[in-house]
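A lone chain, given as structure tokens: the form predicted alone.
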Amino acid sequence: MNITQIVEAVLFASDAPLKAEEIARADGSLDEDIVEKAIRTLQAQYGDSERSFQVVELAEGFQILTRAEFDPYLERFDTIPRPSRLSGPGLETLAIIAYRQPIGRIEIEYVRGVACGGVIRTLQDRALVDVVARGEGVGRPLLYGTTQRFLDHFGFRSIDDLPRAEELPVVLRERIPLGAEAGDRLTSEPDHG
């Protein structure tokens, strides 16, 4: 067996992205540089032979994934896992957290204009966001941020891969400090993620 085959076997067997140092644990002769070279070799081989899959760098690791153009064929099979879809309020809340992290629930609700505790819990249940710190304000509120699973789910290597702020709607771009009117903007609409 050659090194490229070992790296390929580890990537193939994993259902989550792996960092080069994690892959290197497979054999004593491997290190990060050797693994990364093997990954580049696999990427070139898969590209040259027009395979239906590729090695993708995401969430600070590498994973073998089917190429997007084959999605229509895979959707016909119940045995192939599909990521669950988020509701509109869930996506909206997730976007606010991703761009403004760390951010507290009150600030999220100020931006959205509705109560969103349930949506945040749903995002936590799906491991897309989690508590990352405590605020300095009254009661030391919980502050939320995105997780490694968020990066995996959306195919980002890091949070820096999100579209730039100037490409976004104004509501996500500008960070407006909370004012006394924040509580006035909240509605009692149910908001389920």
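These figures come from a predicted structure and were not determined experimentally. Note that residue numbering begins at 1 and tracks the sequence as displayed.
The protein also exists as the form predicted together with a further copy of the same chain; that form is not presented, and the subsequent description refers to it.
Asks: Quick one: is Asp160 in contact with a further copy of the same chain in the model of the complex, heavy atoms, 4.5 Å cut-off?
Replies: So Asp160 does not count as contacting a further copy of the same chain.
Asks: May I ask you to check whether Ile34 falls inside a 4.5 Å heavy atom distance of a further copy of the same chain in the model of the complex?
Replies: It does not: once a further copy of the same chain is placed as it appears in the model of the complex, Ile34 has no heavy atom within 4.5 Å of it.
Asks: Taking a further copy of the same chain as it sits in the model of the complex, is Ile39 near enough to touch it, meaning that at least one heavy atom pair lies within 4.5 angstroms?
Replies: Output for Ile39 is no: heavy atoms all beyond 4.5 Å of a further copy of the same chain.
Asks: Is Gln148 part of the interface with a further copy of the same chain in the model of the complex - any heavy atom within 4.5 Å?
Replies: Output for Gln148 is no: heavy atoms all beyond 4.5 Å of a further copy of the same chain.
Asks: Taking a further copy of the same chain in the model of the complex, which residues along 1-29 bring a heavy atom to within 4.5 Å of it?
Replies: The stretch 1-29, when checked against a further copy of the same chain in the model of the complex, contributes Met1, Gln5, Ile6, Glu8, Ala9, Val10, Phe12, Ala13, Ser14, Asp15, Ala16, Leu18, Glu22, Ile23, Arg25, Ala26, Asp27 at the 4.5 Å heavy-atom cut-off.
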